[in-house]
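Next up is one chain by itself, shown in structure tokens, the form predicted on its own.
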């Protein structure tokens, strides 16, 4: 118990880094998801191909491999380009930046399918009616399409968020001092690795439960409003 009291503040200190990483990654995933879904729903063959290649790439490459490629390979590529052009000096990519961008890029592919499926669930007649009435694209997207996409997308969005939050643990491998990294360090210092890994286990479980309850409640509210 004394060991737990001594190291617990340090372990929980990484919790805010984990939450910040998860939220930043989620924002990027939503952005990539909207762009990817727009490409796959486009009438342009080139955009459809780009969207398909994006989702295929993510499904075929392990998350950890992409993260290591970006963290190490991306940093080398950026610095070599800077030295070759003389436009900038040495740039160091932080583990937080590399981790959030990689996770956002990965889950953007899953969000792509989430948003695409939600859009396809909307009756085409509504879009055709809005166009026939001369409603501007920005208006019917904001007032007709998005309010209906949300309830259709929320169930899969919830699953993606829960998996994304767990995936943040991978960033500890590249040195980010998050919950898992601090728990591992505390376990090594105290020679009680199981104890502190159980702390991180419990914290992630609580975050997952709170997120699941909140998002499912939001999903039910939107479903009720839409009359489903």
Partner chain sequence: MKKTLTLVAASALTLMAGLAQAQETTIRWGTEPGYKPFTYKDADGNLTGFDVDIGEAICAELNAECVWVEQDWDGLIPALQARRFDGILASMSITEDRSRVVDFTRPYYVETSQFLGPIDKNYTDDESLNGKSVGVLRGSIQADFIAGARPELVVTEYPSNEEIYLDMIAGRIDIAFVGSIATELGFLASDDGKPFALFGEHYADPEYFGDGVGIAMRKSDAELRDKISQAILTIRENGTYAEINDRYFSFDIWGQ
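Only the largest set of C-alpha atoms that superpose within 1.5 Å between the two forms is called the rigid core. Numbering follows the first chain given and starts at 1. The structure presented is a predicted model; accordingly, all values stated were derived computationally and were not measured.
In what follows, reference is made to the form predicted together with its partner chain, a form of this protein that is not presented.
> Of these, 122, 141, 132, 91, which has a heavy atom no more than 4.5 Å from its partner chain in the predicted bound form?
The residue from 122, 141, 132, 91 that makes the contact is 91.
> Please check if residue 71 has a heavy atom lying within 4.5 Å of any heavy atom of its partner chain in the predicted bound form.
Residue 71: yes, in contact with its partner chain in the predicted bound form.
> Tell me, yes or no, whether residue 146 is in contact with its partner chain in the predicted bound form, where a contact means a heavy atom of each within 4.5 Å.
Output for residue 146 is no: heavy atoms all beyond 4.5 Å of its partner chain.
> Does any part of residue 75 reach within 4.5 Å of its partner chain in the predicted bound form? Heavy atoms only, please.
Output for residue 75 is yes: heavy atoms within 4.5 Å of its partner chain.
> Quick one: does residue 26 come within 4.5 Å of its partner chain in the predicted bound form, counting heavy atoms only?
Answer no; every heavy atom of residue 26 is more than 4.5 Å from its partner chain in the predicted bound form.
> Given its partner chain in the predicted bound form, answer whether the residues 6, 97 and 181 all have a heavy atom inside 4.5 Å of it.
Every residue of the spot touches its partner chain in the predicted bound form.
> Quick check on residue 81: with the core superposed, does its CA move 2 angstroms or more between the shown form and the other one?
Superposed on the core, residue 81 moves its C-alpha 2 Å or more between the shown form and the other one.
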